[in-house]
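First comes one chain, alone, set out as C-alpha cells in the form predicted alone.
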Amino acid sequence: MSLFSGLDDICQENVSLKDYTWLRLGGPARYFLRPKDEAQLQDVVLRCRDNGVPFYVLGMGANLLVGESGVNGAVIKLDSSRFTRIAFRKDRLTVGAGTDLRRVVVRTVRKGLAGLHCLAGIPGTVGGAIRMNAGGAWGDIGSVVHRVQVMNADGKALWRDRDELVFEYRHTSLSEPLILGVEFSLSPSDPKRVFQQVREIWTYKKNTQPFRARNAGCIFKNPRQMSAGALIDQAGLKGARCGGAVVSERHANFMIAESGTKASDMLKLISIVREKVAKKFSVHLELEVQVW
C-alpha cells in the first residue's frame, strides 16, 4: 500500500523537479503532492510524520538548487486556490502562502497601498518570501507583516502574531515547517508615486542583474557590512566556469545555468567561489540559495 493511498488525486511519484525550478536542474521527488486545502495538507503532514518521511515545501523554485539524485521524500506544492487567495480589507491584505509574490506587489500598487512595493522584481511565493524575509536595499517583507498562519509538525494550524516573530536579514524566527498564509498591514499612498518607485527598482535591477539568463537569484548572503557580489568580483571570479555553470559577468553573486548544465556543475562552482573568497578575504560565504 502506498504511503499516500487514498490521495491519488493530489499525489504523483518520481516527478522531475527540474521542471519546477528556475535553474531547470535536479532529479525527481519520490512523492510530489498538491493538497487542495488544509485538511488534505494536514493528512499529508501526519502521514509523513508517522512514517518518518521528510517533507519539503516547494514555492516557485526561484531560490532553489536540486541535486541530481533528487529528493527522497515528499515535496509539497501549495498552488491550489485555497493557498493562492488574495483578499483586501482597507489597508490589510491577506494572502495565501502559495501566491506569486510579483502578482501581490502589482495588486497592491494598483490599489495605492505601499509596503510591498519594495519587493518589486523579487520572484517566488509569498510563503517563501516570509520564510527567508525576502528583501533588498529598499526594504524587506517582514516590516509589513501583521501575522502569519502556520502549520506545525502535528498538522495543527495556528496564527503567529507579529510581536511573536523576529525578522532578520534573510531569516525569520518561525519554527513551524509550513506557512499557510500571511496578513499584511500596508499604508495608503498615491498610486502614481508607488508605481514610480516600483519602476525605479525594476530599472535598477534590469540594469544590474542577469534577468534573461537561467539563474536562482543571489547565491550567497551578504556578510555583515559587506557585499558578497563585490567580494566575488574582487576575487577575480566573474566569468568563472564549471561545466555549464558560470558566474555572471553582470552581477557576481548570480550564477547562470547555460544549456547542458548539471546540478553538480553548479555545486562545484559554488564550492570554488567559496574557497577562493575565503582564501583571499578570510570571509566564509553563507548560501542564500536553498540546496535540496
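One rule holds for the numbers: they count along the sequence shown, beginning at 1. All of these numbers come straight from a predicted model, not from anything done at the bench.
Omitted here: the form predicted together with a small molecule. The next part is about that form.
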### Triple contact flag Met60, Leu78 and Gly128 to the small molecule in the model of the complex, non-hydrogen atom at 4.5 angstroms
yes
### Query
Contact between Arg147 and the small molecule in the model of the complex at 4.5 Å, heavy atoms?
no
### Task
Could you confirm whether Trp292 comes within 4.5 Å of the small molecule in the model of the complex, counting heavy atoms only?
yes
### Query
Though only this chain appears here, would Val194 touch the small molecule in the model of the complex if you measure heavy atom gaps against 4.5 Å?
no
### the small molecule contact at Thr172 in the model of the complex, heavy atom, 4.5 Å
no
### Summary
Assert contact_stretch over 159-167, 109-117, 129-137, 84-92 against the small molecule in the model of the complex, heavy atom within 4.5 Å, equals 129-137
